[in-house]
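Only one chain is given next, in C-alpha cells, and it is the form predicted alone.
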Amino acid sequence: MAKMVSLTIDGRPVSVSEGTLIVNAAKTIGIDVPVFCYHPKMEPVGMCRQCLVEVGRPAIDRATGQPVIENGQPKINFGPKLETACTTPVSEGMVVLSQSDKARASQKEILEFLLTSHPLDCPVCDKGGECPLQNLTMEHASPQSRFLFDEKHHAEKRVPLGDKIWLDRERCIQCARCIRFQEQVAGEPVLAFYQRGRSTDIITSSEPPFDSIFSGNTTDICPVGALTTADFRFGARPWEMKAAASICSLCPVGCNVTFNTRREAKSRARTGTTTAGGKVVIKRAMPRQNEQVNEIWICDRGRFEWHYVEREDRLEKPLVKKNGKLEKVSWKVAIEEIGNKVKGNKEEVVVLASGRLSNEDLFNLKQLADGLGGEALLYDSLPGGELTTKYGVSAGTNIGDMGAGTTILVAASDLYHEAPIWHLRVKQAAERGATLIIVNSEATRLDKYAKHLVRCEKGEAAKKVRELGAAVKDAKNLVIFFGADGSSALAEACAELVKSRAGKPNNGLVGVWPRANDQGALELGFKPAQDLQAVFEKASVVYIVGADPIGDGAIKTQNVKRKPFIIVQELFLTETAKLADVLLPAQAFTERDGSYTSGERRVQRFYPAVPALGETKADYAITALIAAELGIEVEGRSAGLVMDKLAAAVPAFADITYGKLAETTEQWPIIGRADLYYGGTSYQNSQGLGVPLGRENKKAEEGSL
C-alpha cells in the first residue's frame, strides 16, 4: 500500500497517498483549485499559473529532526511566494490556502492577464455555458480591467486543423492541453506551437492535417472555445440540450458515450422540405466516464459516425413484395405473411444475425430459432470465437491497472483501426511497464511500444504464437488480443497460452471482433456462419437481421439455384433488403434501450436518446411478434423483461439485471461536475458502469480446451 500523507487544505484535513499533487488532494474533498493547463490525465507543466496557492510546511528542529511545536501545534512556515498546486506534491503536515487574500489576488491577476488577449465573444462562442474561462472569470476576476480594449490581440478565426476540428486562434490561451494530449495520451504528436509571444499559434504538423483518430478529445479538454468540432460548431447551447447515456456501437470496446439532444425549431422533413416544429435530434456525441472501459476518451469514429442513424433513407414502415415490388403494408399484414410462409417450413428456417444487435435482440432470435427447430447463425465468421466464452477476461480486469508484471500479446490485429481505445490503453500499459508483444504480418502504430515485435506471413500468426510459450510463462498476468481475420488455429494457440489463468483478473483472451456485440452473440450460443452460399441454397426461409450479405459480397445471388423466402429486418434498403419478400423496419440503437457485451465480456446498458422513427420497432419486439404468430412464447414487452428471461436461461448472465447495469461507483479522476476546467466536458457516469459476465464453463478454469 502507498504511504499516506496527512495535510490541511483551507482548514479541512485530508489524507492522500504520497506523491499526490495539491490540486488532486483538494479535489478529493470537494475543493476546486482553478486550473487551465493542468489535466489529471496528463503530466503537470505549471504553465498557466492559475492554480497558485499559499503553502505552509511544518518548521523542523534541526537538532531533533522533529516538527517545532508552538502552543501545542506544529509551527507552520509559509514561503514568501505562492506555489502552483498542479506541480507541488503534498507532504506531511502541509497547510494549503487556496482562498486566502494572497491566493485570490493572484488568481484574479492571472485571469485579467489572460483576458487581455481574449476576444470576449461569449455570446457567439460554442463553449459558452460550459467554458472554464468564462466560469472562472465570473467567480474570481475583477469586473474591470486595467488594460485597453483597443489593444486586444486579433487573429484568424475558423482555421481548419483537419476536416473534423476547427481552430479560433484568438481564443486560444496557450495552455497546450491539446498538444500534450496528442503527445502524451494519444502518442501522435501532430499539433505544435508556432511562433512566439502574442503571435503564438497552434498548428498541425502532419499530412493529412491533424492525422489522429483521437482528435475530437482535444475539443473536450480545451478550456476555451478555441477548438470546436465541425459537426457541432454553432449547433446548440449546453443548457438547451438533454443528455442520454449510451454505448458506442461501432467496435467491440464498448465506449461509454452521452448523446446530447435538442428539439429543433425547424427540421428537414423526410420529403426534403423545411417545416416548423422540428423533431428531437442528436446534436453531438460526448465521452462518458468509465475508467474500466474508455476512461474519459472516445475515438473519432464514435464521436462522428453516429450520423448514419439520421439518414433520410431510413425505413419507416413494413414492406411486402407483391408482383415483384416492395409495397408498404401494416405490421399485421407483414407478420401474417411471415407466419403463413414459416408455418410449413419450421425446421428449414435459418436466422442470420449480426453483432450490431443487442443482447436482448439476439436472445429473442435464438429463442425463435430454437422454438422452430431451426438454426441461429452469426453473420461474421469469427474463427475460434467460442474460445473467448471459455477463456475470456473476467471480473476485475482493467487495462488501466496493467503495467510491470503484465504481458499483453496482440496477434493478427491492428488495434488502432479495429478498436482504437484498446490501442490507446494498451499503449499506456506498455508505457507503465507492461511487456507488449505484437505478432502481425504488417506494421501497426502500436509497434513502437512493443518489447517484442514478431513479423510473419499472413495466415501464419498461429505458428509464431505457439513459439511464445517460454516468453510468457513467467508473466504475472497475461492478456491476449487476437484478430477476427485470424484463424481457428490462431485462436487455439492463444487459448493454449491463457487457459491455465482463466478466471483470474487481468488474464484471458479478448477477441477483436468487427461489431459491438459479436461477443454477446457468441455468449448466447450463435454459431459463426461458415458458408452463407450453402445456407441460402438449403434453407426454405432465411430471417436476416442487421446484416447485408449480398451488399457485402458474401453471397452471389446469380449462383443461388433455389431462392428461399427472405425476411429482412433493417434500418435501410440494403442490397439484401431489396431481395426481401418481407422487409421489417427496425429502430436504431439511439431510439431504444438494450445492452451490449463488449469484447472484454462486460455487459453495458444503453438508453433511448431520441423518439423512434415512424412505425419502427425494436428488434427484440419484432421477433416477439413473429414468434407469437407462430405460437412460440417470446418476451417482447420491454428490453428489461427480456434481460430477466435471458439471465434466467444463460448461466454466464445469471447475476445481471437492468438495475445492476445502472449501478455506479465513484471514479477517479472526478470529472463532469460544475468545475469543467479540471477534467474537461466529458460526462460523469451516473447511469451504469456495466457488469462483467460470470464464468459458465468450469472446465475452462481447470485448463482443458
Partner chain sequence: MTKFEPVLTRNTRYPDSEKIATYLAHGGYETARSAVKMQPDAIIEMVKRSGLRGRGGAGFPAGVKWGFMPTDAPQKIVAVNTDEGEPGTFKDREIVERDPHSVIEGVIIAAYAVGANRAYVYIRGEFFLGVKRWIKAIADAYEQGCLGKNIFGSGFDLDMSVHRGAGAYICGEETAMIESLEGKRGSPRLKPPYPAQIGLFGLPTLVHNIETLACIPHIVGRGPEWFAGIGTAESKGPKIFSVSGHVNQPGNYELPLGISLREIIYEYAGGMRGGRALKAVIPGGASTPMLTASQVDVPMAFETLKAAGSELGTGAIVVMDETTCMVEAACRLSKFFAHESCGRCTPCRVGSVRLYEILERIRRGKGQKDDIEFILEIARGIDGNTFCPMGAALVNPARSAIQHFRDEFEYHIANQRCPVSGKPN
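Positions refer to the first chain, counted from 1. Predicted, not measured: the structure shown is a model, and the values here were computed from it.
Not pictured, yet referred to below: the form predicted together with its partner chain.
Engineer: Just one of 193, 331, 572, 78 has a heavy atom within 4.5 angstroms of its partner chain in the predicted bound form, so which one?
Structural biologist: Exactly one listed residue reaches within 4.5 Å, namely 193.
Engineer: Of 650, 48, 661, 676, which one comes within 4.5 Å of its partner chain in the predicted bound form, counting heavy atoms only?
Structural biologist: It is 48 that has a heavy atom within 4.5 Å of the partner.
Engineer: Quick check on residue 40: any heavy atom within 4.5 Å of its partner chain in the predicted bound form?
Structural biologist: Answer no; every heavy atom of residue 40 is more than 4.5 Å from its partner chain in the predicted bound form.
Engineer: Might residue 343 be said to contact its partner chain in the predicted bound form, defining contact as any heavy atom within 4.5 Å?
Structural biologist: So residue 343 does not count as contacting its partner chain.
Engineer: Is residue 146 near its partner chain? Define near as a heavy atom within 4.5 Å, in the predicted bound form.
Structural biologist: Taking the distances in the predicted bound form, the answer for residue 146 is yes, it comes within 4.5 Å of its partner chain.
Engineer: Counting only non-hydrogen atoms and a 4.5 angstroms cut-off, does residue 184 reach its partner chain in the predicted bound form?
Structural biologist: Outside the cut-off, so no.
Engineer: Mind checking whether each of 110, 114 and 151 has a heavy atom within 4.5 Å of its partner chain in the predicted bound form?
Structural biologist: Every listed residue reaches its partner chain in the predicted bound form, so yes.
Engineer: Specify the contacting stretch among 102-110, 215-223, 284-292, 599-607, defined as having any heavy atom within 4.5 Å of its partner chain in the predicted bound form.
Structural biologist: Selected stretch: 102-110.
Engineer: Would you give me the residues of 56-87 that have any heavy atom within 4.5 Å of its partner chain in the predicted bound form, in order from first to last?
Structural biologist: Going through 56-87 in order - heavy atoms within 4.5 Å of its partner chain in the predicted bound form - the hits are 81, 82, 87.
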